[in-house]
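Quick heads-up: it's one chain on its own, the form predicted on its own, in C-alpha cells.
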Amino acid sequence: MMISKQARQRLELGLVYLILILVTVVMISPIYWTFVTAFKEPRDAFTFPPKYLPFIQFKPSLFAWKDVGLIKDPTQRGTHDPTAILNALQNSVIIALGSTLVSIVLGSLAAYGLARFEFRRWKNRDIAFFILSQRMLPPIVLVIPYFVLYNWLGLLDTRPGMIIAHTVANLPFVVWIMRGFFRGIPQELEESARVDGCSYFQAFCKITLPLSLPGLAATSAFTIVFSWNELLFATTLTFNRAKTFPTLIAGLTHSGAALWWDISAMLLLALVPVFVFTILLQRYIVTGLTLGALK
C-alpha cells in the first residue's frame, strides 16, 4: 500500500512528538516524584505500589514541612533543628555566590589575557589546555591533599575554605569558556578605544566587558549550579559550622532509614535559589548559550 507524502510527513511528525513526550516524561518524573513525596505522610511514602496521584491515591499533608521545622506546629514535634537547616542554607548561598564571583573575576581576566595577548615562551593554546587539564582530574584525587593542606592552614570547616575549593574547581571552566567569548568580540573595537586614550584595562572594562555580559551570565549559571550542588568537598572539608545544604540533605536519616518525605521537602527548598537565579538571568543565559553554539 502506497502512503502519500502528506501522510508520511504527518506520521514522522507524530513520531517526533511521541519521542519528545517520552523524553519529557523521563526528565520530569524525578521532579514530580520529589514534589508529591514532599506532601506525603510516612505511611504513604512506603506503600507498594507507590502512590503518585494526590487527592486520588493519598491525601496531601504538610507533615514533612512541619517535621523539618519549616512550618511551626505546636502539635507536631519536628525531627530536625530549623536553625541548622537555615545555617546550612545560608552557608550554601554564601559559598555559591562567593566562589562564582571570585572565579568569574579571576577567570575572565585570565581568559582575556589568553584571547588578546601572545605569550612568547609557551603558546596560548598550550596554556589554555594546561588550565583545562586541571578540570580533568577526578575530584576524589584532590580530597586528601585538600584536607591535609586545610588542616595545616586552619581552613577546615570554614566558608573561605569552601569558597577557595569551589573557585579552584570552577576556574578552568570559566577561563576556557570566556576565552572563546572574548575571541568572538572584534579586536578593532578595543583598538579604537585605545586610540581615544583608553588603557588596556579601561578598554576591557568599557568595551569588552559589556559586550561579553551574555557569556558571563551563562558561565555564572554553570558555576553557581556546580557550587550549589557540590557534595564531595563539602562532605570532606566541613563538619558543622560551614556545612552546606546538600550535605545536610544527604544526612537526613533516622535510625539508619532515609526519611524520603523530609528529603523531598528539603530538595524542593534547594531548587528555589537556583530556579530564581536562572529566571532572573534567563535572557542573558539563552543569548550566551546561543552565541557559544554558533562559534
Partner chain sequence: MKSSVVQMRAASTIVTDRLSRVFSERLVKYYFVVPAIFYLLLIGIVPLVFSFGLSFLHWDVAAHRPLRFAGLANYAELIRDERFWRTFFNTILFVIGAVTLEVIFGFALALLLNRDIKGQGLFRVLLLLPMMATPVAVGYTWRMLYHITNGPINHLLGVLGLPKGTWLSSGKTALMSVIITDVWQWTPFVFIVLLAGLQSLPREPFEAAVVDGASRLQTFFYLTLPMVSPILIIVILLRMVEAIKVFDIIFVMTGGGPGISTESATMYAKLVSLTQFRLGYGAAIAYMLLILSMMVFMVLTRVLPTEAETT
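The shown structure was predicted, so the numbers you read here are calculated from the model rather than taken from an experiment. Residue numbers count along the first chain shown, from 1. For the two forms, the rigid core is made up of the largest set of C-alpha atoms that agree within 1.5 Å on superposition.
The protein also exists as the form predicted together with the partner chain; that form is not presented, and the subsequent description refers to it.
K.L.:
Does Asn91 make contact with the partner chain in the predicted bound form, using a 4.5 Å heavy atom cut-off?
P.N.:
Asn91 lies outside the contact set for the partner chain.
K.L.:
Can you work out whether Glu118 and the partner chain are in contact in the predicted bound form, taking contact to mean some heavy atom pair no more than 4.5 Å apart?
P.N.:
Judged by the heavy-atom cut-off of 4.5 Å, Glu118 is in contact with the partner chain in the predicted bound form.
K.L.:
I'd like to know if Ile144 sits close to the partner chain in the predicted bound form, meaning any non-hydrogen atom pair within 4.5 angstroms.
P.N.:
Answer yes; at least one heavy atom of Ile144 falls within 4.5 Å of the partner chain in the predicted bound form.
K.L.:
Report yes if any heavy atom of Arg125 sits within 4.5 Å of a heavy atom of the partner chain in the predicted bound form; otherwise report no.
P.N.:
Yes, Arg125 sits close enough to the partner chain in the predicted bound form that at least one of its heavy atoms falls within 4.5 Å.
K.L.:
If we take heavy atoms and a 4.5 Å cut-off, which stretch out of 209 to 217, 67 to 75, 103 to 111, 82 to 90 is in contact with the partner chain in the predicted bound form?
P.N.:
So the stretch in question is 103 to 111.
K.L.:
For the stretch 38 to 67, I need every residue with any heavy atom inside 4.5 Å of the partner chain in the predicted bound form, listed N to C.
P.N.:
The stretch 38 to 67, when checked against the partner chain in the predicted bound form, contributes Phe46, Thr47, Phe48, Pro49, Pro50, Tyr52 at the 4.5 Å heavy-atom cut-off.
K.L.:
Superposing on the rigid core, is the CA of Asp44 displaced by 2 Å or more between this form and the one not shown?
P.N.:
Yes, Asp44 moves 2 Å or more.
K.L.:
Using the core for the fit, does the CA position of Val25 change by 2 Å or more between this form and the one not shown?
P.N.:
Stays below the 2 Å threshold, so no.
K.L.:
Align on the rigid core first; then say whether the Cα of Leu13 has moved by at least 2 Å between this form and the one not shown.
P.N.:
Result for Leu13: no, shift under 2 Å.
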